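What follows is a single chain, given as structure tokens, in the form predicted on its own.
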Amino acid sequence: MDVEFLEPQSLQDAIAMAKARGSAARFIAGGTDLIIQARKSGTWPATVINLQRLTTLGEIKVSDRNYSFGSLVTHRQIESDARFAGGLQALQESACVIGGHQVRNVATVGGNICNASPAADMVPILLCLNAEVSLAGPNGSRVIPLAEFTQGPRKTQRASDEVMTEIIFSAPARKFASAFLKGGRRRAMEISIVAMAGVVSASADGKLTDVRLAMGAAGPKAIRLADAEKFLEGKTPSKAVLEEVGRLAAAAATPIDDVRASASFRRHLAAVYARRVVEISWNRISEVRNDRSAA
């Protein structure tokens, strides 16, 4: 099959090309997901619109506590950026388990989100950070919370002629720390069985506050664990508290049985990882230097 391959020089060119070709066109950034899906299904899109020449979409911008990833930012960029070595450590922990070195050098955050895999490793920590995504299309730009953007497996709110341009989030106001854990059948280059991310802050009297937990690969899309977050608010981690967090995480999971793991094992892993992510994040608060709550 012949595939039309286009390389727009500007964002407006990309949008115009997609609008003219309708649903027959596919944007690619790194292309790592598209190639696997096309080889597996034997079906290629009629038109591929390569966004790699839109270099401004490959920038990471940091201002005060506000962060912006262009949609073409690669996982390798995040993995190697020292600005994420403190409270935002979970971003690097999730980026560095995506594929191998070759994949992370080309696979993009925007592509990972738009692919809408339930097992997308960057999504849980971005949910914890209340990230929003910016889309540009023929009718202008719009911003959508990431939690609403992904609607289910391979389903998003993006129209076929809209380009994801940016992922935006703010760091928590208090002193905080984060953690990410991923379970797979092997240690490298594996799709998650369960992924868990957490961001926790400490109050002045040493209690958990502004607790954020998100889980991936245990349902049709990654989700925040609202019941567990509410339960943890104002508490200090203890064995009993962490056991309850695990129970609430397992209860929120809606996993499937597949070749990688059974649903029951995924629920068990969700409980274990929820406990560990809270414990690790809490222990890291004393190590990170990001306390500007009194500034």
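Each residue number is its position in the shown sequence, starting from 1. What you are looking at is a predicted structure, and each value in this text was computed from that prediction instead of being measured.
Just so you know, the form predicted together with a small molecule exists too; it's not on screen, but the next bit is about it.
The stretch from 83-91, 69-77, 201-209, 218-226 that comes within 4.5 Å of the small molecule in the predicted bound form, counting heavy atoms only, is 69-77. Between the options 214, 114, 129, 177, the residue in contact with the small molecule in the predicted bound form by a heavy atom within 4.5 angstroms is 114.
Of the candidates 181, 120, 146, 193, 120 is the one whose heavy atoms come within 4.5 Å of the small molecule in the predicted bound form; the others do not.
Although the partner is absent here, residue 260 is not a contact residue: none of its heavy atoms lies within 4.5 angstroms of the small molecule in the predicted bound form. Under a 4.5 angstroms non-hydrogen atom cutoff, the small molecule in the predicted bound form lacks residue 250 among its neighbouring residues. The shortest heavy atom separation between residue 168 and the small molecule in the predicted bound form exceeds 4.5 Å.
Within 4.5 Å of some heavy atom of the small molecule in the predicted bound form lies at least one heavy atom of residue 99.
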